[in-house]
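Take a look at this one chain, the form predicted alone, written out in structure tokens.
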């Protein structure tokens, strides 16, 4: 029987005491290093040069990882690090969205450095223990718990009880109960964990818990992309637990608390007055995006073949408004009134090991509904809640899982794989039962689930080499780049979004830029130069959130009422000004919009060179599967025939009259691929890169990161 409520503490293997340190202007200026192979724990000072150049968050994570690994390091090498870092603004309680921390590691999917943002309490609580970053290196012999006790200034490595449940919805509750001294103290405990499926797949996630005092339950937020949870379980870490009491609004020791309070009040008022009229995040969360994407032919359906479906509204905001347990605070850190982290109470599970149990579970976000739902031809909201629950507790990335399932379903329906290969699973579009069995197999470490859990990049290779599949066709329909599965937006009609996915450092993820509406719907970027400028600015602006510790949602999911009257409404200029003022108010440093972009450009280019160091990063890795660019099959072309015929005539200069559909597909493909390559040329030039996507030495010097080891990497490609 699992010890779900035991008070028996794990056996201590090693204990380390550290000197307490108060933060000063957003920084502790030190990190905590834990080596599981040697049980070494130490405090490391953060050099002033590193602080100046890499700022925090993702920047610190990338720098620590660079220093830890070599070009030969694999994701499961002992020297690979798992780093959780915070930024200087992270942890403040007066400004919505300041609870973010950033996980960096070598990805099991891509072999590249991956960054994944996550909310919840762990990042701020750990920061208030007196650290800007946590580095975990090496591998334990047995499952361990790392406990960071900020009240007693100790770090312990403890042997996890063998019968302790690994799945996150149980483990978070167990460890919160175990390490808290009282019911009230539970809000001071946060648990980082990864469930059993992370042990058998390459796209395991990390769950970061926080205690909901109204519901008396732990909620979970995910560092979802790139296999961070797989790395944690490979290192034999059962969980990382932090405890820190006495949370107050001034623990960052900011330079100007009054300005922070004023900026926060202004944004709280915007949320109060405008959220219901705009995205209504406090009621719908991101579920409203299903309706918006479906209305604009942007919702992935049946492995990104189509962009809308008549049943899609079943997965939209109206369904989940009825299902969510509303009326209680739903922010994932103190002071976030945007409150998008909704949950369901007493949800009855229908499959798997928890069948028949009623659980408290987080509600699905847009990416889950689109990836595991519409992209797989599944439109039952209740089914999607269960998929989301199991993905979370088993620790599976819903984006990679959904996109992989969609790929497998198309392969099955086209006869590329069959029941013999899948072990009896009938992986057809719409078959939720088969999808769930695949997920349960991943958790059990058996059957075709383990094969599927290796991700699309490896599945394509397997299907070609073992089953004689058409390599070119699989490359066209397998929605991955650099080894990472696509997030859930149809980019066929947005050249800018295609390049946004293609040039993203970690692989095709929308958190680097999301330009579809600007490009496709509003036509605000008619020229290559316009698109290239957006593909320069927005990735850098979004990078800035990841280095200072902020959530992106309060930037443009809630906007001033008069934002549409500004010169550049897509940038939400008033909020950009707020961020400039906020950074200075926390750190005391003079700051500007130009310096904001410079901070980001430095980290962004450093990560690009890191990719080169690890064997990828040149232009060839920025080429997307053709389905992200245009129609691959006859069915796809016919579904939008009038649109595509018109584009052939008016843009490609080809008369489609008398052509077969296959000929029209090839003519359109030639035009679109030429357009894509032409845009890449302009984007690389705008970024200060060579035509082969290599940052120039001059660019590195301009950014102040022309360190010998970085220049050495770049010179090999020039």
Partner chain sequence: MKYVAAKPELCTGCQACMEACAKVLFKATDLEKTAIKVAEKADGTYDINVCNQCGECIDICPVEAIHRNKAGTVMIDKDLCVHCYACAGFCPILAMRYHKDVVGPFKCIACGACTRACPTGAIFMQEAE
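Numbering follows the first chain given and starts at 1. These numbers come from a predicted model, not from an experiment.
We do not show the form predicted in complex with the partner chain, though everything after this point is about it.
In terms of contact with the partner chain in the predicted complex, the residue from 322, 414, 272, 142 that brings a heavy atom within 4.5 Å is 272. Though the partner chain is absent from this view, in the predicted complex it lies within 4.5 Å of a heavy atom of just one residue from 305, 286, 337, 498, which is 337. The closest non-hydrogen atom of residue 248 lies within 4.5 Å of the partner chain in the predicted complex. Within this chain, residue 542 is remote from the site of the partner chain in the predicted complex, having no heavy atom within 4.5 Å. At the 4.5 Å threshold, heavy atoms of residue 329 reach the partner chain in the predicted complex. In the predicted complex, none of the heavy atoms of residue 600 sits within 4.5 Å of a heavy atom of the partner chain. Heavy atoms within 4.5 Å of the partner chain in the predicted complex are found in one stretch of 570 to 578, 615 to 623, 450 to 458, 91 to 99, which is 91 to 99. Of all the residues from 190 to 224, those having a non-hydrogen atom no more than 4.5 Å from the partner chain in the predicted complex are 213, 214.
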